[in-house]
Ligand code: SAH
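Heads up, the chain below is alone and in the form predicted alone; it's given as structure tokens.
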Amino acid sequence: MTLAPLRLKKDEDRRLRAGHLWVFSNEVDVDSTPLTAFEPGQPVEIQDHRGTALGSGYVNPYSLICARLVSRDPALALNKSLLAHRFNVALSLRERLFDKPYYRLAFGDSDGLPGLVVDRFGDVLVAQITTAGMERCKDDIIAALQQVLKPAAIVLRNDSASRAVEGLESYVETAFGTMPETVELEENGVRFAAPLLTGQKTGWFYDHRMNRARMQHYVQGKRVLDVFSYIGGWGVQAAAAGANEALCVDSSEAALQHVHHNAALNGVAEHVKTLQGNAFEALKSLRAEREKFDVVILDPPAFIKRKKDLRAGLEAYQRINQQAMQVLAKDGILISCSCSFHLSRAELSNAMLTASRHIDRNLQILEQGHQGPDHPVHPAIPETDYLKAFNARVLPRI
């Protein structure tokens, strides 16, 4: 197949040659290859200013990131064959790392699949497409997943807000097989039932697997507060690890119903309680009631989704960490997380420090966590390194 050329301006190929995969609209030589001539998602051959091929990719003339490199071999276009190859390469890593089939199978750019993530729940797959180029290949994606994994069902959770940037509609559909209301998974030896069709993102957050494993060392015999609990990933694992009590706080009543189900699934129902409400208001009420916890876990949604949200987001992270510290018992443990790429590790640490000093507490950082290895970091694309977690000791002033 002959691909239409997308030519870059002089010197705008340097980032791609250094390992990056994205092309921004202001880097395109629109005199030679007008962006308006392309359809959203159209396959292209990306070229430097001299017309030398840099590789194959796809284009969206209406997006700031107007093209993404798929292969450095211009003869390889994005099709079922290439997708199956990339899935096989990704699968070989996950099978090396995990003894059970519960993980993120494909993590976008980091697995050579820009605009696509796939989570595996045994014989059920949940895919999320975020770019016009991948949407154009939807049928090939389904066929390649069937070829490589022979799943019982494939769900497309194409309802993320980022699709609007690409001019894509939002929808959820079962693309293959029949989906049950919930699907079971196992993480760190603990079982969960996740609502893949109606839950957050793909239904589960595998990226915190290693951080939740580390958490288990701090909770035995303790009273634990899990804020932004969703369906109990942290709280139920804390109870399974020997916590005397885990209180899960979330704004969604449906999510908290799943918490109770998951606690029962692991025989720890008597150790898990729930509280529905806004996290900030719940922490305020718990403090007013003089409740104290030995371990508090904060795993909020991204408070900073865009650069312009940085100031307000920083204030939110500082405020929530301060409120968490105010319900900690003496010599308590705070596990504070952020999935906001635009919040650096240093900024989260400083927000925690500022919160501790504001209430006259001393802070010790004990451990730092990252996303799990099924969410590999592409070293040329900082955006793929997004997850932060700190295990900290909060002490009274001496």
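When you see a residue number, it is the position in the sequence shown, counting from 1. Quantities reported herein were computed from a predicted structural model and do not represent experimental measurements.
The next section is about a form of this same protein that is not shown, the form predicted together with S-adenosyl-L-homocysteine (SAH).
A.B. asks: So which of 200, 174, 160, 318 gets a non-hydrogen atom within 4.5 Å of S-adenosyl-L-homocysteine (SAH) in the predicted bound form?
C.D. replies: Comparing distances to S-adenosyl-L-homocysteine (SAH) in the predicted bound form, the residue within 4.5 Å is 200.
A.B. asks: Exactly one of 121, 293, 230, 107 has a non-hydrogen atom within 4.5 Å of S-adenosyl-L-homocysteine (SAH) in the predicted bound form; which residue is it?
C.D. replies: The residue in contact is 230.
A.B. asks: Taking the partner as it appears in the predicted bound form, which of 71-79, 298-306, 175-183, 161-169 has residues with heavy atoms within 4.5 Å of S-adenosyl-L-homocysteine (SAH)?
C.D. replies: Flagged stretch: 298-306.
A.B. asks: Can any non-hydrogen atom of residue 212 be found within 4.5 angstroms of S-adenosyl-L-homocysteine (SAH) in the predicted bound form?
C.D. replies: Flag for residue 212 set to yes.
A.B. asks: Does residue 252 make contact with S-adenosyl-L-homocysteine (SAH) in the predicted bound form, using a 4.5 Å heavy atom cut-off?
C.D. replies: Residue 252: yes, in contact with S-adenosyl-L-homocysteine (SAH) in the predicted bound form.
A.B. asks: Heavy atoms within 4.5 Å of S-adenosyl-L-homocysteine (SAH) in the predicted bound form: does residue 221 have any?
C.D. replies: No, residue 221 stays farther than 4.5 Å from S-adenosyl-L-homocysteine (SAH) in the predicted bound form.
A.B. asks: According to a 4.5 angstroms non-hydrogen atom cut-off, is residue 242 in contact with S-adenosyl-L-homocysteine (SAH) in the predicted bound form?
C.D. replies: Residue-level check for residue 242: no, no contact with S-adenosyl-L-homocysteine (SAH).
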